[in-house]
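Heads up, what comes next is one protein chain in two forms, each shown on its own as structure tokens, labelled structure 1 and structure 2.
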Structure 1
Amino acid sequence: MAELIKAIARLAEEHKATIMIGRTHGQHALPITFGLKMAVYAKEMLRHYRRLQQIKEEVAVGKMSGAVGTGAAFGEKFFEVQDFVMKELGLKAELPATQIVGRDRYIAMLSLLANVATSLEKFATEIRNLQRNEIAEVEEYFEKKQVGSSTMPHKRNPITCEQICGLARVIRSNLLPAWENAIQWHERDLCNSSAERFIIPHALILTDWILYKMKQVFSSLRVYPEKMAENIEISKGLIFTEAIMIKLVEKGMSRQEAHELMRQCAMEAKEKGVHLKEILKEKKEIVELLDDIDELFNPGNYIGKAPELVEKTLKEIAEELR
């Protein structure tokens, strides 16, 4: 997990000022930087890293207090015996316990694994989407002699990200039996045992595997800034309506008036199939307030504090993982 965070952080550092389009609802929204996107992912994984430390403490417990948890069979030596055994095993003693340690602990662990898997599937899904031919802003590394399809020689499929997505769903599926295993008859029954022998090792192994594969993906990810810049132009300037609206407000126009004016201009540009700047230059109320209309369509002027946000995030990550 730490190596994955570092791999994502390297991308964030390299591309903290690489401008791309931000998307909401699958539609072009506002400019962001690819580095900011990566910083968000790195910070999400850092939270999982912290949770992992907490979960380790929670699940690393044991008990040797007998069939119902009283320690009666050891008599006066019970605490001494249990403490000795737990020390040998590198565990803390659960006080008190029944015949087994509380399964709420395993629910917490498997929930974390499911949470991690969900983040990885989210990252992999984003890469798959950005690798689509219609977008083509990033791409999984493709070996020189790698075959994408047995029948379509041109294919370069994001197969590692697809594998991550599929296995993440298996990891999450282990949560349902984990919850149900916590329901015991009296001081314990055996319904949990058979399921746990399957779900615990498999969830751990699969999570470890997709973490490893995700690290491979980010460590060798191909990023195409030129395509990102090209895609920004697809909207023909519509993504700058918010930035222009704010400029109009700064010049004295009310926000509501500026919003409605830009909405009308955007709809007109879209209906006519022309660049938004051509519509703005025809509007007297806009030309009178804004001097250099062309400069308003420079995406570099509207990425806010994205590079600084990346730097602050990377500093926090470096301090925690040093």
Structure 2
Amino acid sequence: MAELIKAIARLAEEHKATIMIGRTHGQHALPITFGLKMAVYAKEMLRHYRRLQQIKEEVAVGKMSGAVGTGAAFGEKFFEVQDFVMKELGLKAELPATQIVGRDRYIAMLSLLANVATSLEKFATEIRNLQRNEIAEVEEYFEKKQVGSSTMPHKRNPITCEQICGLARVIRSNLLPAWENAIQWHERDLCNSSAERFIIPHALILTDWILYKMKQVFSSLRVYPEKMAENIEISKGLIFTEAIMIKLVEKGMSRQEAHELMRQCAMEAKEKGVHLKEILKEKKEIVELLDDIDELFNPGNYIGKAPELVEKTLKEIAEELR
């Protein structure tokens, strides 16, 4: 997990000022930087990293208090004996216990693994989306040999990300039996046993595996800043309508007037299929107030504190992961 965080953090650092479109509802919204997107992911993983430290404490617990938890078989030496054995095993003693350790502990662990897997499925889904032919802003690394396929040379399938998505779903599903297993009768029933032999190793091994694969993906991810810059232009300037309206208000136009004016310009641009800036340059009332119209359409003016947010995040990560 730490290595994955570092791999994402490296992308965040490298691309903290690489401008791309931010998307909501799958639609172009406003510019962000690719580094900011990565910083959000790195921070999310850092939260999981912190939870993982807590969970280790929670599950590294054992017991040796006999068939029903009274320690009767050990007589006066029970606490001493149990403490000795637990120390040998590197565990804390469950006090009090029944025949078994509390299953709420395993639920907590499997809940965390499900949460981690979900984050990884989100990241993998993002890459799958950004790798679409129509977007093409990032790409899973392809071996030269893979590239060389003659019959389908256009296909660059994000198969590692797809595998991560599928396995994340399997990991999550392991939590269900853990819940039902925890509803133990009396000092224990055995129903948990057959199920736990599946769910605990599967959840742990598969989470480990997709963390490893995700790290590989981010470590070797191909990023295409030119394509990111190109995609911002798809809306032909319309994404800046609101920002320009605010500019007009700052320059003295009434809010209502600015709103109506920009609405008309946007409509006109859309109908004519031309860039919004072409429309604005023809409007006297706009040209009078705003002198450098081209500069208004520079996406770099709209990334706010993205680079600073990245730096803050990287600093926090560096301190915690040393």
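Start at 1 and count along the sequence of structure 1; that gives the residue numbers used here. For clarity, a rigid core is taken as the largest C-alpha set superposing within 1.5 Å between two forms. Just so we're clear, the structure is a prediction, and the values are computed from it rather than from any experiment.
Assignment of forms: the chain in structure 1 is the form predicted on its own, the chain in structure 2 is not. When one rigid part swings against the other between structures 1 and 2, the hinge lies at Phe297 among Phe297, His48, Gly62, Ala114. When the larger rigid part is held fixed by C-alpha fitting, the smaller one turns through 16 degrees between structures 1 and 2. The two forms, fitted on their core, place the C-alpha of Val287 4.2 Å apart, compared between structures 1 and 2.
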